[in-house]
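A lone chain, given as structure tokens: the form predicted alone.
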């Protein structure tokens, strides 16, 4: 879908203190992990993963900057433009015992994946993590469709600690055949090491700054791979080749910087 489709907001849900989900009546031929470009006329266009896929679609928006603040001010009945879906999503057809691991707003596309897995009779285990309890999204949806484990950095809900600690514990007990994950790279890098140590397959959804979504601008490049076209989801074989993972990313100007500087500047 190269052109924008104007969609009307049917419902808005406050997922947690800084994330809202916007539901709209537009069926998209998408798979979990793919993303769309969202256009606010006169403001800008930004990429968002799909947090629900079906007869109704949804995107989830974390308030981080000017564009997302404008999105959070929208009301039911308001409209915005959508083009897509783009990129490669999760491949889950062969998995029989999936483990999903999400950190913060990275839980958006994993929630869509969990729902699709459940529809295919593959109820997943799900480790839902955030810094603190008021930043935990999608709890009610996930309780219905997964074996849910909650972790918070400060222990304000669920188990105190990081998602990777819970994953190591679960992998030591259960025979999972694939780990699907999305979240901050400070979580993904050690999670990849856990999967390598345990000899288990994994697929991670990565975030990079994306302007075009079709591989023209090169802003989302990581080790020569374009995240918007060749990702956002990468399997273990390709993740192991990404030496910039957890270390470097490109800013809006295309400058390669350390991940801390990138995170400060990438406030859409």
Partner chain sequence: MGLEFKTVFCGKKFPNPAVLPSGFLGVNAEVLLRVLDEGGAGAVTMKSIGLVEREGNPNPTVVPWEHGVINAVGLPTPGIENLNDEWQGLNGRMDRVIASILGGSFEDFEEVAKAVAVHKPALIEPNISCPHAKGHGQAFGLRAEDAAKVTEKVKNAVGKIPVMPKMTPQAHDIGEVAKACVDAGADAICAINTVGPGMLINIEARAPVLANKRGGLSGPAIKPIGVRCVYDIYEATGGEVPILGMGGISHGRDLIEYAMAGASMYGIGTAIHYTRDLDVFGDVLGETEKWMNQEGVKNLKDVVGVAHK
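Predicted, not measured: the structure shown is a model, and the values here were computed from it. Numbering follows the first chain given and starts at 1.
One more form of this protein should be noted, the form predicted together with the partner chain, which is absent from this view; the next part is about it.
Proximity of residue 37 to the partner chain in the predicted bound form falls within the 4.5 Å heavy atom cutoff. At a distance threshold of 4.5 angstroms between non-hydrogen atoms, residue 255 is in contact with the partner chain in the predicted bound form. Among residues of the shown chain, residue 83 is one whose heavy atoms approach the partner chain to within 4.5 Å in the predicted bound form.
Although the partner is absent here, residue 216 is a contact residue: one of its heavy atoms lies within 4.5 angstroms of the partner chain in the predicted bound form.
Residues within 4.5 angstroms of the partner chain in the predicted bound form, judged by any non-hydrogen atom, belong to 225-233 and to none of the other stretches in 225-233, 49-57, 199-207, 22-30.
Looking at 31-52, the residues that come within 4.5 Å of the partner chain in the predicted bound form, counting any heavy atom, are 37, 39, 41, 43, 44, 45.
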